[in-house]
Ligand SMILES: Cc1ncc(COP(=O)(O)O)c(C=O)c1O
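Just the one chain here, laid out as structure tokens, in the form predicted on its own.
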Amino acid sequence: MIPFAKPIIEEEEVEAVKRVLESGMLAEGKVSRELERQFAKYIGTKFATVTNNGTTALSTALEAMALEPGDEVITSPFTFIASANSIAMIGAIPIFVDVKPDSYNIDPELIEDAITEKTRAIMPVHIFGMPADMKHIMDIAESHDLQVIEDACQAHGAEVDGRKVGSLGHVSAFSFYATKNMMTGEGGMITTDNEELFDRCLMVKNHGRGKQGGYSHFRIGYNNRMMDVVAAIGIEQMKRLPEAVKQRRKNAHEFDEFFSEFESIKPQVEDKGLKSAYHLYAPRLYSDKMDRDGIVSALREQGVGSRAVYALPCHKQDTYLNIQQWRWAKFVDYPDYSAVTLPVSEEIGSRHFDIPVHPSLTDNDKQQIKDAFTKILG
């Protein structure tokens, strides 16, 4: 079976972890500071701080934005549920706006209609590594005095007009989960150019301590820190990230060309000026022969790892259909998500599936994937 994801762990990661273990300094420290420095430089922001995973990167940044319970945050329904959950965690309300059928990203044309007097922020998600239309989104945010947090958890190395995602919004969050383009097993990162916001992030993630450290505390905070053992893996992974993204893009474009001969397969579209990092390659199926679940099963039978990642968009998940059970419901008036209909997200959810695009694919692997589609679809 060709796996849909394959983390690259070499001797360099092993030795880096070994050095930290031998140092006896395992908690967040100088190795984490070095990862932050390197990552901020790569993304192109003034500041970066590590967290223990991508979800806490999102929730830490949102809390540092000083959102109040009942504030609304506009976001995409077609994403991993952590995006919406990070909003709900702090008592804010996720407002789901439908996505574009070609990019699978939030549709800026629909954002204006979703803005109310309670709206405080927009959270675009760069889904599967494909950048959202950040120029349009930032224009909307500026005209309505809204904050923008980029959910870049799947988009390490993606670009918009030559700028890395994670440097385009007011603050951004990345995940280093084991399957991501750059991984540490678990881990996350917040990036921003706003020093005041950065300082609040540091306090939120570390028990309310200021950046001077010590045992002075200035607000309620959490323990969302990273371990230096984890950061050591990240530093080695960063060395491979540019080449890994380059290879992912090469693989994806090869599949794009191959699927151009299939009327029943519609890949995610990379618009002009955008460079996807292709965390996943997830086309949609339009076939009279079989449905999406059928092609996933057929691909697996041919030795090709495949799955339907977000078959249920967030607004269709029990989490939000039963949101009145969440503790903030005592204080916050949530919408009736069962009445929300977002046809594009729902259609993509029913039709998309992913196939391997990771940089470890060999030419033989890619040929096996192509042969599988030819056999299945003709």
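Quick note: we count residues from 1 along the sequence shown, nothing fancier. All values reported here derive from a predicted model rather than from experimental measurement.
Keep in mind that the form predicted together with the ligand is not shown, yet the notes after this line are about it.
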Would all three of T60, E63 and S172 be in contact with the ligand in the model of the complex, where contact means some heavy atom lies within 4.5 Å? no
Heavy atom within 4.5 Å of the ligand in the model of the complex: which of N206, S83, N251, Q237? S83
Assert contact residue (the ligand, in the model of the complex, non-hydrogen atom within 4.5 Å, options T192, Q154, S276, S76) equals Q154
Based on heavy atom distances of at most 4.5 Å to the ligand in the model of the complex, which listed stretch, 319 to 327, 339 to 347, 26 to 34, 48 to 56, is the contact stretch? 48 to 56
Given that the partner is absent here, does Y310 sit within 4.5 Å of the ligand in the model of the complex, heavy atoms only? yes
If you check in the model of the complex, is Y177 within 4.5 Å of the ligand, heavy atoms only? yes
Can you tell me if G166 lies within 4.5 angstroms of the ligand in the model of the complex, counting non-hydrogen atoms only? no
Any chance P131 has a heavy atom within 4.5 Å of the ligand in the model of the complex? no
Partner contacts in the model of the complex for 192 to 229 (non-hydrogen atom within 4.5 angstroms of the ligand): none
